[in-house]
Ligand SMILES: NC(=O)C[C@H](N)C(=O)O
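One chain comes next, on its own, written as structure tokens: the form predicted on its own.
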């Protein structure tokens, strides 16, 4: 069953002309992450690889495709967690960084802290030699167009969140049976400056524990935080539920209790995995036993053989 990696490109509603880009983006990220695992890399190496590729793809709300806050600026959040030791690293409200997930991993590996925010995170990035990028390089025409549209006094806030897949994330199990998760986001469209969502919060944006499994979440951050969605799903797995059943139970609880929609990718230490969502769409992909799995709508599940790269 091992190794396995599963990624998501965000839950939500996306217009047809952009959905193909989302699907091809998650498929290519999962292939690269799977190659890392096949080459003997750790689950942490794999999830960071997947998340970085998605941050570098302007089709997603992370890294260079991030949505803009009320002031028209980019503020990004990211989280990584290692299931072997429960070590984690996160950053919130960071600017001028191409790959926040990489910075989150450095927080985990190089500091005694779990999360750094805003200016402090930037100072740490500089001390680690992480290059700063101009904010303009993170802003797409598409993001700017939607920001302007949503500033209009008659803008519909529900429609505002549509047309952009959300947060990106990945979970993996390596050949040693270690699990890991990574999640990265540009946050919520036209959010207040300084708003931090579920993504960098342990147990909400993601959780990884070798005793139960790993989860990365996407959806409405405020709702996800209220139910600590990632940890909630792993609680069900600890009670004996499968990755798929636990994911569905967590999402159903969030919907009934706080009216929130979202999606998750989940793995257990044996390599059983799930990609589940209550939103209209979630671009997802998985790789296991030389096969690529992917989908976008509920009930969709395509497969193809992964050609050996060697």
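Numbering follows the first chain given and starts at 1. Just so it is clear, the structure is predicted and the values come from calculations on it, not from any experiment.
Omitted here: the form predicted together with the ligand. The next part is about that form.
Undergrad: Sort through 145-153, 92-100, 112-120, 214-222 and report the only stretch with a non-hydrogen atom within 4.5 Å of the ligand in the model of the complex.
TA: It is 214-222 that comes within 4.5 Å of the partner.
Undergrad: Is the gap between residue 195 and the ligand in the model of the complex 4.5 Å or less for some heavy atom pair?
TA: Yes, contact at 4.5 Å.
Undergrad: In the model of the complex, does residue 59 have a heavy atom within 4.5 Å of the ligand?
TA: It does not: once the ligand is placed as it appears in the model of the complex, residue 59 has no heavy atom within 4.5 Å of it.
Undergrad: Does the ligand come within 4.5 Å of any heavy atom of residue 125 in the model of the complex?
TA: No, residue 125 is distant from the partner.
Undergrad: Please determine whether residue 108 contacts the ligand in the model of the complex, using a 4.5 Å cut-off between heavy atoms.
TA: Contact with the ligand, no.
Undergrad: Which residue, 227, 130, 188, 202, is the contact with the ligand in the model of the complex, using a 4.5 Å heavy atom cutoff?
TA: Selected residue: 188.
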